[in-house]
Every structure is written in structure tokens, then in C-alpha cells.
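Next comes just one chain, in C-alpha cells: the form predicted alone.
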């Protein structure tokens, strides 16, 4: 947990914001994921130590929320919405195009390590369906042409 120990001062600042330690679970997971690149068993144990939440409960949080990755992502991480409203607006075709263009499937990282793809149940932006997030930034009303433009900016 050497790499995580460097986050201890930041963890203390986060915990100071909450009356109950367990309330810091999500922010601590974000902090560690940003540092490590994903949520590993070591990260779960580190969060458990700070929050006094059993490791198994921290694991349940990681499995419940789609924003926590259990494997490293590419330099650019794409989360593509697969919820009903996006499907109704043509996301399946656009997602198929994106996968073909990137030559990867859901949960994979491109061979060069530049891009990873994750299908997400809902990204809470139905008004811009079909949509995706790239490195946390939302892109909507997607078409194959827009996907090409977005990917070009990532180069």
C-alpha cells in the first residue's frame, strides 16, 4: 500500500468534511482510483481502514457504482450509454461503429493503450441521447460523424 500511503494527507482532509467516517467512502474511492488507475483489493482495504467500513462493504460499493473501475483504463476512457432512451435514439448503431473504429469490445483497452470502452447502464443525460462520456466530458446527439470528430480530438 506504499502508493496509497502518499494519499493519506488527502484522505485526512476528506474525512474532516464528514461527521461519520463511512460518509467518505465514495470520495476516498475516487481519490484512490485517480492515483492507482482502478480500484484494486489494496484500494478497497485502504478505504476500509480510513472509513471503518468492512472491506466486503467497500467491495459492494465498488460493484454497485459503475464509475469505479476494477481494471486499468486507457489514457482516454469512453463510457457509452446503453439505456433505453439512447437505444431508442439509435445508440446501438453508433456503439457498433465506435467498437469497429476502436477495434475493441466493452471492457477492453485498445492495443496501444490509448482508449478504453465501457458500456454504462445510464449516464443521466437522456436529453442528449445517444450519448457518451469521454474522460468525464459528455457528448450527445451522437452520429458516426460526431464519433469520428471526437476520436480525432483524442489523437
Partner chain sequence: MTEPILSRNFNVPNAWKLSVAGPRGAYETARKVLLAMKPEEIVQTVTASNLRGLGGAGFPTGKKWQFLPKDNPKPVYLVVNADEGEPGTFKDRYILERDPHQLIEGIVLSAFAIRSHKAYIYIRGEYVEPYQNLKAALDEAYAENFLGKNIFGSGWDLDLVVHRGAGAYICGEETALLNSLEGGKGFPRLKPPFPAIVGLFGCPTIINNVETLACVPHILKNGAEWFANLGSPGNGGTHLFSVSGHVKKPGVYELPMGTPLRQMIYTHAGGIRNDRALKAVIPGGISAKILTAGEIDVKMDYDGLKAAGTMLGSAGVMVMDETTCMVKMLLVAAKFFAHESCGQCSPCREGTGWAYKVVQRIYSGEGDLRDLDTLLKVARNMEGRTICVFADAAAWPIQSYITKFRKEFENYILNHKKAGAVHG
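Numbering follows the first chain given and starts at 1. Note that the coordinates shown come from a computational prediction; the quantities given were computed from them, not determined experimentally.
Although it is not shown, the form predicted in complex with its partner chain is what the next lines describe.
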Notebook entry, point to check: Any idea which of 38 to 46, 96 to 104, 109 to 117, 55 to 63 reaches within 4.5 Å of its partner chain in the model of the complex, heavy atoms considered?
Noted result: 55 to 63
Next item on the list: With heavy atoms only and a cut-off of 4.5 Å, decide whether residue 137 touches its partner chain in the model of the complex.
Entry: yes
Check: For residue 22, is any heavy atom within 4.5 Å of its partner chain in the model of the complex, or not?
Finding: yes
Next item on the list: Mark residue 32 yes when one of its heavy atoms lies within 4.5 Å of a heavy atom of its partner chain in the model of the complex, and no otherwise.
Entry: no
Notebook entry, point to check: Is there a heavy atom of residue 17 lying 4.5 Å or less from a heavy atom of its partner chain in the model of the complex?
Noted result: yes
Note to self: Just to make sure I understand: among 51 to 88, which residues lie within 4.5 Å of its partner chain in the model of the complex, judging by heavy atoms?
What the structure shows: 60, 61, 64, 65, 66, 67, 68, 79, 82, 83, 84, 85, 87, 88
